[in-house]
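A single chain comes next, written as structure tokens; it is the form predicted on its own.
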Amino acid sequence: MSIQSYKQNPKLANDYEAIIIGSGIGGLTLAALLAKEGKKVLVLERHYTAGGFTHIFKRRGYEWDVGIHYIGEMQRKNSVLRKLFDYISDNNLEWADMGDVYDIIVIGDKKYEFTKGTQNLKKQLKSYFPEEAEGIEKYFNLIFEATKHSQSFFMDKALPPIMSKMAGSFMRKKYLKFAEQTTYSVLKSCTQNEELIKVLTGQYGDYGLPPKQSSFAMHCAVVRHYLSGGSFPVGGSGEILKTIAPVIAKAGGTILTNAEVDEVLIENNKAVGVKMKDGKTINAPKTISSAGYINTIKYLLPNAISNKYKLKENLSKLKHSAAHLGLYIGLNGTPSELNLPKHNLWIYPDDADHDTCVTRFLEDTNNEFPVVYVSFPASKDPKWNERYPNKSTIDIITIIPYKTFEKWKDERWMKRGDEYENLKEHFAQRLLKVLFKHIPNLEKHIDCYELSTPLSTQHFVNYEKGEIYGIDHSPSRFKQNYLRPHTPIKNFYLTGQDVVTAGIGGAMFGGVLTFSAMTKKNILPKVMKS
């Protein structure tokens, strides 16, 4: 696959045509698109494993997916996202359908199923809220209208700055009408039923902000993404890197792990390569950061350049997205024996709206979790039993304030002491209690579990506050026109989810837009014909 370790003195080519900092799916997508055009690309990853949130980890005879829990659009074989995955993996990535129900929203003792297919979902929602049929229709009309206008908004990001200056405001205007409103304010124009609003926003954990804080445009993107149901990579999410890496290697490219970049090298306002942490330099005609906007400006660009273009002033307009806890559980028994579902559970308190639940928990984490997301990857993957017979896994995620664990931020991973481990165990037990309340038969089958904290995310993904979705998806985020591939520095570009939106689809389209910005080509017609 040509994934090498920088620590082991790899053999590098002398003539890479681009260097990409960060091996998340945005960087991998861009690298594969360039490779398919015959470009030799070097991808630099600071950690020992590549793939960003698509990577897996193994412990105690189990395997867990850290960021890929389900992906929409994969059962629509002519969808842009499916075709893009097929293109950058040379059709070697397979997908398993999760079934007719992909999410169940649990509010107290009530359950609401999200069924695949727009008409099916409408019908299901109307069965729960028959008096809200008109509001539900209006809601879906707004989802599709916002989605329709998103194309020109994001196309503007790939335009050369001078062209964007002339036409960009027109291209962005209609989408911004939706993006500048909160999810809650738009839904209140559809219905006054707070329970319905709570159900309709039951996937807010997929972008990390409750409805009174999130941009309606981000909400629309997530809802639209899953209308055709959910899918999971056959063989686990590790197959994503495993199938994309050979495409990059085929053009002579390399993915290098344990390869931390210290600084982007800039001469005469032109990016010429990177300086590594050990002082070595690697040169290339073009350099791209897939490390996130905040990390790029704060840590990768020389201060003189940041000051020259006042780039650090942009940081005051941005906020980190939510931090999270992840509980990874190993169980004795096959998914079928344990009766594990393929659908996800979104579990919420029933005594308040999402925003109130989040606020009170962030103020005092002794309060009830505002959201508990439960995923069953072992049952989603049809090849799981071949790899891990008589075993199963569960992932549980909730939000947590970064400050809860901040005092250990300078301690080494796995060496943070008893107080830290005891606090982790406290939260792990609370999350297990939620699981057992809803699926009590699992308690006797637990073999092992491990909790990740925001410091784990900080360590492995290098997000400053352990955030899961980069920059938060508030209305103000969509007004920041500098969140685009082009930068003021010649031959230096940005890519990944901060360029578009959160999630694997957003990050991948970040790669597509950066490819267009770099090459002045629209690759999508070629992708769709492949």
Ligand SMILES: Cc1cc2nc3c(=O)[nH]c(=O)nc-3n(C[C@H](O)[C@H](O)[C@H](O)COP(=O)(O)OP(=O)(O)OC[C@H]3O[C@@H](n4cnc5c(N)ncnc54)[C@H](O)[C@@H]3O)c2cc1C
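One-based numbering along the sequence shown. Just so you know, these numbers come straight off a predicted model, no measurement behind them.
The form predicted in complex with the named molecule is left out here; the points below concern that form.
- Item | the named molecule: the contacting residue among Ile68, Ala35, Ile471, Leu483 in the predicted complex [heavy atom, 4.5 Å] | The option sitting close enough to the partner is Ile68.
- Listed residue that, although the named molecule is not shown, lies within 4.5 Å of it in the predicted complex (heavy atoms), from Ile399, Cys190, Val261, Leu340: After the contact test, the surviving option is Val261.
- Item | Interface stretch in the predicted complex with the named molecule - options 286-294, 243-251, 381-389, 433-441, non-hydrogen atom within 4.5 Å | Selected stretch: 286-294.
- Message: I'd like to know if Leu42 sits close to the named molecule in the predicted complex, meaning any non-hydrogen atom pair within 4.5 angstroms.
- Response: Leu42: no contact with the named molecule in the predicted complex.
- Touches the named molecule in the predicted complex: Arg477 (any heavy atom, 4.5 Å): No, no contact at 4.5 Å.
- Message: Just checking whether Phe405 would be counted as a contact of the named molecule in the predicted complex - the rule being heavy atoms within 4.5 angstroms.
- Response: Looking in the predicted complex, residue contacts with the named molecule do not include Phe405, since no heavy atom lies within 4.5 Å.
- Find out whether any non-hydrogen atom of Trp64 is located within 4.5 angstroms of the named molecule in the predicted complex, and reply yes or no. Judged by the heavy-atom cut-off of 4.5 Å, Trp64 is well away from the named molecule in the predicted complex.
- Query: Which residues, if any, of 488-504 lie within 4.5 Å of the named molecule in the predicted complex when only heavy atoms count?
  - Reply: Contacts from 488-504: Gly496, Gln497, Ala502, Gly503, Ile504.
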